[in-house]
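Below sits a lone chain in structure tokens, taken as the form predicted on its own.
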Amino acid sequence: MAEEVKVIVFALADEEYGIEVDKVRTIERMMPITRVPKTPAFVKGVINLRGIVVPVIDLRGRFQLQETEPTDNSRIIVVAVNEMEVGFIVDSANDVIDIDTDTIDSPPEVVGGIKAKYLHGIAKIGDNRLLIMLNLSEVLNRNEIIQLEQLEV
């Protein structure tokens, strides 16, 4: 019998992505972000989340997609990456669904302009819906995580 994983579904540049629920700490509306000098362009700054300073990354920038201004639907998904909390700006967070792990295939080389190393797989949901599963440990590389850990406000 196949296992199921519970996944948060979010949108980014007309595609649907998924992050396993157990890696998500919270989903927040957009809030003021304090810019931090000398960080990569996709690092938008830091937020104060109930007393904890959390670096915030624009996933559009990280995946080299065209960046847009945040809307009322934009959200910051705070996830745990290698024992560190990081916020990802997404276009919207839409749903929580259960996915049968047997329906997740290995990703092709590039999906929607995003390299395979950032992807855990592609989940087939129903007849026509595909969900791109992110590989959080690759979204940030080791050097970037060290750099983010050293951010000071």
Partner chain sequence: MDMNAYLSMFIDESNDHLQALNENLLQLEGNPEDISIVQTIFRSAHTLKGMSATMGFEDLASLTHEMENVLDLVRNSKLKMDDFIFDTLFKGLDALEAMVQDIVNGGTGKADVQTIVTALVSIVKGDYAKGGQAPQPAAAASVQPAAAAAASASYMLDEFQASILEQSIQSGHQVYHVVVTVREDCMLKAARAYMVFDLIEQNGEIVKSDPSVQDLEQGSFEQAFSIFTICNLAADELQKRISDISEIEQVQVTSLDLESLKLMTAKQQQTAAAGSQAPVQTEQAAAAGAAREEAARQVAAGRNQAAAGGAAAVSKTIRVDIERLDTLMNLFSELLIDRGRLEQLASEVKRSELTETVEHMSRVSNDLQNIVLKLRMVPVESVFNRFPRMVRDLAKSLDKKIDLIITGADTELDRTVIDEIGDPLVHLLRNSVDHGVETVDKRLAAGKPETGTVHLRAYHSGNHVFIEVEDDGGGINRERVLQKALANKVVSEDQAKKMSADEINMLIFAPGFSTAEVISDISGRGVGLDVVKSKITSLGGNVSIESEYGKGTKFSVQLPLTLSIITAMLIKLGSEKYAIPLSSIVETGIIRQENVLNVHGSKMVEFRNTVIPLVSLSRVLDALDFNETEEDETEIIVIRKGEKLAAVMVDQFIGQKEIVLKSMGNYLKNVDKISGATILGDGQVALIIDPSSLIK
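Positions refer to the first chain, counted from 1. The structure displayed is predicted, hence computed values, not measured ones.
There is another form of the same protein, the form predicted together with its partner chain; it is not shown, and what comes next is about it.
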{"item": "Stretch in contact, per heavy atom within 4.5 angstroms of its partner chain in the model of the complex, of 95 to 103, 117 to 125, 63 to 71, 26 to 34", "value": "26 to 34"}
{"item": "Residue contact check: Ile47 to its partner chain in the model of the complex, 4.5 Å heavy atom", "value": "yes"}
{"item": "Contact test in the model of the complex: Leu140 vs its partner chain, heavy atoms, 4.5 Å", "value": "yes"}
{"item": "Contact test in the model of the complex: Ile57 vs its partner chain, heavy atoms, 4.5 Å", "value": "yes"}
{"item": "Touches its partner chain in the model of the complex: Val43 (any heavy atom, 4.5 Å)", "value": "yes"}
{"item": "Sequence-ordered list of residues in 70 to 89 near its partner chain in the model of the complex, where near means a heavy atom within 4.5 Å", "value": "Glu83, Met84, Val86"}
